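Only one chain is included here, represented as structure tokens and corresponding to the form predicted alone.
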Amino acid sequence: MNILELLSLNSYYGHEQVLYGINLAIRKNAITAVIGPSGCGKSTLLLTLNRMLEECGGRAEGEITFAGKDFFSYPKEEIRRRIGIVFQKPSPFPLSIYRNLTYAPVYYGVRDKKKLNEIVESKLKVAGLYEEVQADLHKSALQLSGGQQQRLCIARALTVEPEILLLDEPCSALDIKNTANIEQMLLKLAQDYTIVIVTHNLAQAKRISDYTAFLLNGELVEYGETKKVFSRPQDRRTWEYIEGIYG
């Protein structure tokens, strides 16, 4: 079942076109990796799907269907609640760990202290962070390590129960151990959420994704099951990128 369907999607920053005629169907409860060289439009794709592109002076044209309904008919706030995004650089709020995780639920109307405590505990456990920080919930999130901060940001994005989680190079600045922790977390999360991850790490895409989309110069060159894309690419440009000939 497809949760997001893109048809002839074009994205722009001002007069500069970045994405060209993207046709892509994102499967529900699967991990889709978006790969391609720097500057090919990967991050712009994520910003389009979270409607953050418009806040960056950009715009999108074409059709997007989300959960069977016109994507652009939803209020931006609803899109951002139902489609969460985590950026490459960890960006915890300069607040306590606890307040980082209760900020969005409180904004959306949750006031019950017991419910808030349950949200904090459950999402930290999902992120594999609870055992590490349970005694320090009122410590500044900025005191956490880089890997912990990234897991906190993922946990924070989950506090409003999005249907889709977008991740832009979430492991690029992390060591092997923290990368492994996040990959294991994402594999578990895919049981309940749809995940789209931008990554330059081709080995990572092969390890954790069900589907892979290859972008080049703003165009979708190839999309399919990850095993097929990496073992039997249909386009020579895909093969050249996977083999490291360019990119």
Partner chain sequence: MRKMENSRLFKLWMVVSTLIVLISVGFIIGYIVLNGIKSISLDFIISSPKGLPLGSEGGILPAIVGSLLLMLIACGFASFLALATAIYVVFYCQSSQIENIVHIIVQCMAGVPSIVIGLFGYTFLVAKLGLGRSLLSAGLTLGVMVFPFIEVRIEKSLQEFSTAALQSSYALGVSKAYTLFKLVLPQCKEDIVAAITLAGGFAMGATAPIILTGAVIFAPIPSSLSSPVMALPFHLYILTGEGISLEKAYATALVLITLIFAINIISIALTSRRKEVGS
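Here the structure is a predicted model, which means the values were calculated and not measured. Positions refer to the first chain, counted from 1.
There is another form of this protein, the form predicted in complex with its partner chain, and it is not shown here; the text below is about that form.
- Heavy atoms within 4.5 Å of its partner chain in the model of the complex map, among the stretches 128-136, 114-122, 169-177, 81-89, onto 81-89 alone.
- Heavy atoms of no residue among Lys42, Met185 and Phe214 are located within 4.5 Å of its partner chain in the model of the complex.
- This chain appears without its partner; in the model of the complex, the one residue of Asp70, Asp192, Glu61, Glu55 with a heavy atom within 4.5 Å of its partner chain is Glu55.
- In the model of the complex, its partner chain sits within 4.5 Å of a heavy atom belonging to Asn50.
- Among heavy atoms of Tyr98, none comes within 4.5 Å of its partner chain in the model of the complex.
- Looking at Pro94, you'd find a heavy atom of it within 4.5 angstroms of its partner chain in the model of the complex.
- Contact annotation for Tyr103: at least one heavy atom lies within 4.5 Å of its partner chain in the model of the complex.
- With contact defined as any non-hydrogen atom lying within 4.5 angstroms of its partner chain in the model of the complex, the contacting residues in 151-169 are Arg156, Ala157, Val160, given in sequence order.
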